[in-house]
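We begin with a single chain expressed as structure tokens, specifically the form predicted on its own.
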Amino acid sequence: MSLPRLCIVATGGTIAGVGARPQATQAYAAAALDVAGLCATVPGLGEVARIAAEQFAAIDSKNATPAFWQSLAARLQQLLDDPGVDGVVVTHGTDTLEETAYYLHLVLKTDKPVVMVGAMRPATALSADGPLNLLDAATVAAAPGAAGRGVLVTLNHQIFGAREVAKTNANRPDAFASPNAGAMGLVQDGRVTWLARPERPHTASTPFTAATPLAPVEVVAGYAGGSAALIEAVPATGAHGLVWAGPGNGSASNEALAALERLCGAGLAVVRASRTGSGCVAASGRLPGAGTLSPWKARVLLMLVLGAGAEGTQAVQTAFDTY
């Protein structure tokens, strides 16, 4: 049986980082290694699949923008529409990987495997984690069971769903987790073990595409003694929506809540989320709840929902209950 045909699409990040010495795990230049050099660090990659590779971008993912999401999605859609491509692996910096992954999970129209991967140590570091992560990502993308699961994220031998995955540590190789749902699967020594499937509609089952406009949405965090002036200033940014990253159950002080409700009454879409990293935030009064989405992913969904033309609190809440 012939090997599947995968395309590795490189966008930069720590996985392609280069430091001045092997001990450097934080002081390095991200996105310094091109995709050919990156693939050359991975023995056995050609035994997993027939590989084509392309350099889409070379950025530190802290500099990723909504425009980057859209252009990446458009290119991936072209590749996925090609009958000669069986799946795609995307290398990406870890800082905003979860946001890009969730966006792609909502807009790509495919049942083919799409696996995102990054690293916490640059390619030149002692015990660099990127090469094995990339081999594991290709192994997952080549696995028959990967189809139809939406966008997946593979790091540190674990497979996560794009909707639930989060970066939960600033330094360690085991920096990613899915606090609400757990891992979707495991990959080790070329073997993939599946544990779960995504429950919410994704990819081909959503109305969003790479061409769906992304409405500007800001995130404001709640904390003890925080000024409501920051909330009041949001309309001046040109934002169409606001995600409130509140403490606990997305709560807000009396002053902050009054400001949020004023924005809602003035026509700005406001969604409550929790800064805690896990749990579920329900609707409260006129303010929709983000459910189990983090503030950052709630922003992604709200940008798409508003960009697609949704109006009113109920339409926003329905979208968050659905996706």
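It should be emphasised that the depicted structure is a prediction, and the values quoted were computed from it without experimental measurement. The first residue of the shown sequence is 1; numbering continues from there.
Although not depicted, the form predicted together with succinic acid is the subject of the following passage.
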Options 32-40, 286-294, 59-67, 264-272; stretch whose heavy atom lies within 4.5 Å of succinic acid in the model of the complex:
59-67
Given that succinic acid is not shown alongside this chain, does V114 nevertheless sit within 4.5 Å of it in the model of the complex, heavy atom to heavy atom?
no
Does D86 reach succinic acid in the model of the complex, with heavy atoms at most 4.5 Å apart?
no
Can you tell me if K167 lies within 4.5 angstroms of succinic acid in the model of the complex, counting non-hydrogen atoms only?
yes
With the partner left out of view, is N133 within 4.5 angstroms of succinic acid in the model of the complex by any non-hydrogen atom?
no
Single option in G241, G93, G161, G250 placed near succinic acid in the model of the complex, where near means a heavy atom within 4.5 Å
G93
From A101, V140, A119, A183: within 4.5 Å of succinic acid in the model of the complex by heavy atoms is A119
